[in-house]
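Next up is one chain by itself, shown in structure tokens, the form predicted alone.
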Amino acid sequence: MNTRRDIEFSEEQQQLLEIAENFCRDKSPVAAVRTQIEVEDGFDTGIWKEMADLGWLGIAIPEEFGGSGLGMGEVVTIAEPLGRNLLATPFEATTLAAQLILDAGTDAQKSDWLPRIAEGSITALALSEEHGDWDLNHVTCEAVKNGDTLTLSGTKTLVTDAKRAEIILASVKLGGKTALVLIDRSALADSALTRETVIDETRRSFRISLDGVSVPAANVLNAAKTQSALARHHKLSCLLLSAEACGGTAACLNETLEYLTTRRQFDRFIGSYQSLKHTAVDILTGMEAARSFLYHAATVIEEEDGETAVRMAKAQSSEIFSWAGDRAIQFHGGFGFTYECDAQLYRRRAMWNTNQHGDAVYHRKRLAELLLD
């Protein structure tokens, strides 16, 4: 039986990709990226509102909850240009939080929270802890139920855009099992948030203390669906990270080629030297391989072989993005090691991206288990 699957690219995806490419290019030139690094929030709220008005936050939310009813394949076409232009927004976390609610929320939770997200309510994901384990079930934060209220404790780390979030979706241990709980940002005092220093300066990451925080017990997502929701969340996170990495690799390559074709040495453009040409071609072929893996994964993400496809995409895209960023710095010579060189912005993003939800080694190890099972 022939089980080969072609990469499908729908008309909606093509239109979204073109719109997103133009939008991100216009809104996020490198000069604007550097300006936002110095801004406390780290992103432009005006741009975020425009993204909400374009309907991007509801792309994969069903129409009954205020969304467009499309899929994560369409979301990928937004994430790739965002990564290519280093446009920092809460898009990824907000989109993924909506999918967790969709997968594990009760009917009342979906009706209450999803329309708010589709309209632009910033949502933060608090799933990481100090141990740094990529296993989403390794949770030390706890929740104790007292009647209709939950009292939380513990510390979450790497919670992006938590200061501006209206909703925080956190993982805790409840009755010895992993649970997901929705927290209204107003339930957290400002003192509960501590800004973290992370390698990617375009990100705003926070440590959150949940000690003493109380939330209604009705804010806990359906326990029977939590495990399957977290498993899907891991796949979807890897998919969007792969899209960002593919976009970032393309930007690294463009940055490198521009320098190779304008910088002269010994009366020759340095791009004419064979060793530099070969490396540029290697980056290009690696990037195209990553994009092939990415769009194949976007096509089959909800199918049986979706996990295999997305792990391949994450491994390849993480590796080539990191290498492209490193080569971009090296090819700029001494200038490449200065803060003024834009190449370092992409290298920083690559280092952040690679270490979210597993690096290439992590995913290849699990690929071996899947393929040899």
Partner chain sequence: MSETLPDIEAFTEEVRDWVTKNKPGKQDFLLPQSFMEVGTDQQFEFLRDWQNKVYEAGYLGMSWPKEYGGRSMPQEYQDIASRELARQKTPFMVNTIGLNWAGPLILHMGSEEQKKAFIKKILSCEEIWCQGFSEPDHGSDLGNAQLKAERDGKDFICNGSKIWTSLGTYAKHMILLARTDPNTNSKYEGLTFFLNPMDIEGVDPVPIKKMTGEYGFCQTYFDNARISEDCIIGKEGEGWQVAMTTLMFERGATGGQAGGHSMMSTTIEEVIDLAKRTDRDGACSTEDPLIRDELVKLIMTSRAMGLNAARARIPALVSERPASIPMSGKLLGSEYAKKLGEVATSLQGANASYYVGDDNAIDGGRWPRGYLNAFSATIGGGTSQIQKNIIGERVLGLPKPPRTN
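Residue numbers count along the first chain shown, from 1. Since this is a predicted model, take the numbers as computed values, not measurements.
The same protein has a further form, the form predicted in complex with the partner chain, not shown here; the description that follows concerns it.
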Find the only residue in L102, I167, L253, L136 having a heavy atom within 4.5 Å of the partner chain in the model of the complex. L253
State the residue from E142, D112, E74, E196 whose non-hydrogen atoms include one within 4.5 Å of the partner chain in the model of the complex. E196
Is there any non-hydrogen atom of F91 lying within 4.5 Å of the partner chain in the model of the complex? no
Interface membership of G132, the partner chain in the model of the complex, 4.5 Å heavy atom rule: yes
How about F23 - does it come within 4.5 Å of the partner chain in the model of the complex, if we only consider non-hydrogen atoms? no
Taking 4.5 angstroms as the cut-off for heavy atoms, does D41 touch the partner chain in the model of the complex? no
Of these, 122 to 130, 177 to 185, 236 to 244, 93 to 101, which stretch puts a heavy atom within 4.5 angstroms of the partner chain in the model of the complex? 122 to 130
Partner contacts in the model of the complex for 287 to 314 (non-hydrogen atom within 4.5 angstroms of the partner chain): M287, E288, A289, R291, S292, F293, Y295, H296, D305, T308, M312
